[in-house]
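Just one chain follows, in the form predicted on its own, and it is written as structure tokens.
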């Protein structure tokens, strides 16, 4: 048995209707609402075939049919036509990115809020990957005799500071000189780009203060390691409660327990890496029992063509994929442009 054109029409009608109503779909409903040019009896036969093929399911005896995970996947891959955002929706997103902000966290939270409000689902955003961050400023400040603070500011807005011991005869002028050399040599570089030859060059210029350099570099390295894990921002977490699929309190508790665990969410996003473009992960494709009745639409946002983080929407498998994909795609484009401006100092 193959998936011919008529079966595709019937499956498309079932999914379209179920997305809208959240109610099982019967043959008479399809015949009445969709002009397929065949009788309810013929539609029933096609529905039986689709059920046998695994594309639809019957949740209860005597009930209509609902799409299966396999059915949603077929729809997304072969039947779906992406919807265009309305002018109102486009303007709403554009307006949300009009105001210049200086903190990456603010951009991320604004994006999450917009995305969750537009889709009425939960927005999940992984913040910029630390290895893509570059040094913006390094400052050594003398606090007291024998004690100074190393402050490292990344272009993502992340900040790391730590206390170090310095020789008694070191003054702020010495520390300013070291700061200037570090900024000149490391400014604009990512941690991954710092080569051993560059460090030797710095030590050669500042040989008199080798011990301070050692401590400063150690602070920088530890700070980068401590902040290496990407953070997860959630927007509209309670939106999930508005979906009829999650009126069961046990389902809600199970899902919310996952959303409370940042490490598990990070693994979920990493295992669902969309690569290029927008990806859709449906139910068990995410390989976690807590989200087996959910789908995620996600994409990577970029700076200079390199992926630096992930943006996505988590909702029920019964979501309007054609529209949500367009929303995520447009939000990702705007977030990438905004991030690029920020990373380049709004030049």
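Positions refer to the first chain, counted from 1. The model shown is predicted, which means the values in this text are computed figures rather than measured ones.
In what follows, reference is made to the form predicted in complex with the DNA, a form of this protein that is not presented.
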| query | finding |
| --- | --- |
| The unique member of 328, 10, 335, 25 whose heavy atoms fall within 4.5 Å of the DNA in the predicted complex | 25 |
| The DNA contact at residue 281 in the predicted complex, heavy atom, 4.5 Å | no |
| Contact flag, residue 316 vs the DNA in the predicted complex, heavy atom cut 4.5 Å | no |
| Residue 292, heavy atom within 4.5 angstroms of the DNA in the predicted complex | no |
| Contact test in the predicted complex: residue 306 vs the DNA, heavy atoms, 4.5 Å | no |
| Heavy atom contact within 4.5 Å of the DNA in the predicted complex, the stretch among 316-324, 297-305, 29-37, 282-290 | 29-37 |
| Contacts with the DNA in the predicted complex, stretch 54-69 (heavy atom within 4.5 Å) | 58, 60, 61, 62, 63, 64, 65 |
